[in-house]
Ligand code: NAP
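One chain comes next, on its own, written out as structure tokens in the form predicted alone.
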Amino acid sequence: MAISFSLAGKTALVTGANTGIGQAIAVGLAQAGADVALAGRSHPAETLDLIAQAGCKAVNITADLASTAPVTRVVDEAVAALGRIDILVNNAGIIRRDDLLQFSEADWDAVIDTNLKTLFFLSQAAARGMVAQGSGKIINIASLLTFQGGIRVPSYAAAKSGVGGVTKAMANELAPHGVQVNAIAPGYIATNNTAALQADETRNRQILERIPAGRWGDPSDIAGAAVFLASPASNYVTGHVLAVDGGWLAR
């Protein structure tokens, strides 16, 4: 049987695709042939244009995923625009930093709600349609902090650890219905969010010394993993958290 990485005829819903990793994933899915709906607070004009350039349909759905309130509407609008949802990528997320002894309940709740609670309930809403059609792919964006504790980011570490756990829980229940659920744990990726770290000579050197590959990751590195997990080539892969980190965790 021929191995296929093609997404021709497939549809995807990607959250938080305005820039960076989310944008790269959305464009990568389109380049593999998928029509893509984008959900987030900001209008992703550049991403929409890049998807159109790839020859695929691009749809914007404005939604603040800081709560579960828009979840049903987002799924309904994506289905109305694209016909169905074959692929869901839960990329939207936030981070709050503070010392452990001063970390506020508001910062805790904001991160857990966006990064874990909304992720689960959006997956649940999309999975109903996937189960009905007998196929689907859910890809959650985890983190190196799915495996490590980090410093000054307790709610983010808790949320991303939870993403790893809920990925496996969803995979167990959805596998009999032809739906695969996996996660990607990006390493240090060169995006706007990490610009300050890259510009800090000392921290940049320390990071590169720890990465066996000797370089920062590019958002396209994550897009490649997402295309694999969204494609028929990964039909027997489920419940897995794939680290795309240049070897960071192996060090």
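One rule holds for the numbers: they count along the sequence shown, beginning at 1. These numbers were taken from a predicted model, which means no experiment stands behind them.
What follows is about the form predicted together with the ligand, which we do not show.
The partner is absent here, but in the model of the complex a heavy atom of 193, alone among 206, 193, 220, 53, sits within 4.5 Å of the ligand. Residue-level contacts in the model of the complex: of 116, 85, 142, 122, one residue has a heavy atom within 4.5 Å of the ligand, and it is 142. The candidate site formed by 128, 131 and 179 is entirely out of contact with the ligand in the model of the complex, as no residue has a non-hydrogen atom within 4.5 angstroms of it.
Although the partner is absent here, residue 59 sits far enough away that none of its heavy atoms falls within 4.5 Å of the ligand in the model of the complex.
In the model of the complex, the ligand sits beyond 4.5 Å of every heavy atom of residue 227. At a distance threshold of 4.5 angstroms between non-hydrogen atoms, residue 93 is in contact with the ligand in the model of the complex.
In the model of the complex, at least one heavy atom of residue 187 sits within 4.5 Å of the ligand.
In plain terms, the part of the chain that comes close to the ligand in the model of the complex, with a heavy atom within 4.5 Å, is 156 to 164 out of 98 to 106, 169 to 177, 131 to 139, 156 to 164. Taking the ligand as positioned in the model of the complex, the residues of 16 to 43 that bring a heavy atom within 4.5 Å of it are, in sequence order, 16, 17, 18, 19, 20, 21, 22, 40, 41, 42.
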